[in-house]
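Given next, in structure tokens, is a single chain: the form predicted alone.
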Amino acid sequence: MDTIKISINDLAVAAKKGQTILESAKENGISIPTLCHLSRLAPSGNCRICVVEVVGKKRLVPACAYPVEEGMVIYTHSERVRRARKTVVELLLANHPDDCLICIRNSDCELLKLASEFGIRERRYLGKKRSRSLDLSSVAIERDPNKCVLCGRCLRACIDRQQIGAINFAKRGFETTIDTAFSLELKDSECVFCGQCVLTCPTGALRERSALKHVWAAIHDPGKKVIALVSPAAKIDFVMGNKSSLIHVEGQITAALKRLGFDYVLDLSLANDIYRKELANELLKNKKEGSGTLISSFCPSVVKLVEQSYPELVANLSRIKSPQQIAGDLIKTEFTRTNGFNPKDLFVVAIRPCTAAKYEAARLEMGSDGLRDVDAVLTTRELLRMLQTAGVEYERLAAEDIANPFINANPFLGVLEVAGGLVSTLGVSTGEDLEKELLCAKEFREKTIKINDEVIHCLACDNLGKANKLLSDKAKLEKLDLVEIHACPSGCLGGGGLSLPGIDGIPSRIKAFLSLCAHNKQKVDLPN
């Protein structure tokens, strides 16, 4: 890439042609504050927090969207710049709610951090407060329009990246808001509950619908046996930044959950194996009967997308429940029978890096005889809050073995939660090949595998933007036997229930996840 010479804060630097000022400054160890900008989303430059001074320009320019030019002289923290940034933050605070002490984002609110960074200690501007109603209609995501700072990050995640368009700017002037079409409640909108908007929100305007109250109530009920189903991908937030305890982290999570009051801690991999085998059988049956392309039912957001936007493809959806629901069903039937429990006395909690899993668990068909397969779903964020509330420091606990009551489940099958993991494990993949496949940057990952000598043409992709492109291409679909789609970037490792600030560093997450699987002392080579 061509380089050009520029000056940043009187420091001569070589910048790459086509870079923004923000990118060039970051590469040279200069931090410029941002609010509307995220590296994985297209820049918009609408918040003006990142403005810088460019010699020769009358106005300050947004560093996140302004490209560098040969000979450009830039000042990122001049008095004029600092004063402008502080004023922008003060204006944002002028009509923002004053409930920081009880806000769910009080420890990681980006607006609060900016106010601290600029030394704002009083209100110089007082604006009219918004008084819009909370949207609590969804079982997965809550919206509080009064805390929205109109940065637009959620829109770019929903519209540009996921191509769903459940929310957009509405009205004008002071009345400008982010809303659904026709101001419908979220549950009635085009939202598929992937939660990517929640990951991008800098304040508490978007958050998961918490199940903590119900889980704590079950734990404190002496008549209940509370069972935790831990998703392999949910463990990655405990691994990142804690590499020294990589080999112990699963056991530490188990110990922490027991300290919280869970009676049993099980690994969701016990159902991943069943899902993989049942899907292979369904795939072979589909192929034999000529039923057309089979679309995996692993991701609930994808299922909802097909149901609401591609009704003609509903018949192509796999009839197999997701691993989460399979595991819940197994516990309510086989586990109760083996241990002599009454199914009504069991409370199953799935721990997932996913907001859509809450929606899936609440679907009417996900239960029988008046019992839900899964009674509650906690995101990784909720579990971390739960540990904090109970004063449990998992890093300091001795590891405990996780229960495995049904089968000799291979924890390595947690890779089903990574985009491409299902297709890879239906065939035979070595650890080295699998890492290459899961880190592949291709838009669509096509692969031909064999199951019982039957040739199967597969395709895997992640994010709903790619999914929409694929599901709209009927000619391409007709050539495939199996389609594996995950709603989130790289699958569950980029899920909407991750701990904030979100999904930066996906490759390092995948590598850490594969290392975690390898530490389970299981064979990496998987049989058909």
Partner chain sequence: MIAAFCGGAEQGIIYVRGNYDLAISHLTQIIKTLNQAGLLGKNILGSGFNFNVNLEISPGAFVAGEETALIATLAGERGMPKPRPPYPTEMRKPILVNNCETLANIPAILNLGVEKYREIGSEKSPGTKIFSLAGKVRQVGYIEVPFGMSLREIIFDLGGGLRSNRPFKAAQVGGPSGGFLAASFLDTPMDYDSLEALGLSLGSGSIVVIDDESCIVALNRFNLEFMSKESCGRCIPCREGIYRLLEIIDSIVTRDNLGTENGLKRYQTLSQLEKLAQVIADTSACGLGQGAPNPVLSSLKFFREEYEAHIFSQKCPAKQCKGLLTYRIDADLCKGCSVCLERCPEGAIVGERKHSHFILADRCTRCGICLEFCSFSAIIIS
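Quick caveat: nothing in here was measured; it's all calculated off a predicted structure. Residue numbers count along the first chain shown, from 1.
Here the subject shifts to the form predicted together with its partner chain, a form of this protein not shown in this document.
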Do all of Leu60, Ala65 and Arg172 end up near its partner chain in the predicted complex, with near meaning a heavy atom within 4.5 Å? yes
Phe182 near its partner chain in the predicted complex, any heavy atom under 4.5 Å? no
Considering non-hydrogen atoms and a 4.5 Å limit, does its partner chain approach Gly465 in the predicted complex? no
With the partner left out here, check for me: in the predicted complex, does some heavy atom of Lys344 sit within 4.5 Å of its partner chain? no
Does any part of Arg319 reach within 4.5 Å of its partner chain in the predicted complex? Heavy atoms only, please. no
Could you tell me which of 362-370, 184-192, 119-127, 134-142 sits within 4.5 Å of its partner chain in the predicted complex, going by non-hydrogen atoms? 119-127
Just give me the single entry in Asn146, Thr87, Asn286, Thr336 that has a non-hydrogen atom within 4.5 angstroms of its partner chain in the predicted complex. Thr87
Of Lys476, Arg48, Lys469, Lys26, which residue is found within 4.5 angstroms of its partner chain in the predicted complex when only non-hydrogen atoms are counted? Arg48
Interface residues of 82-109 toward its partner chain, as seen in the predicted complex [heavy atoms, 4.5 Å]: Arg83, Ala84, Thr87, Val88, Leu91, Leu92, Ala94, Asn95
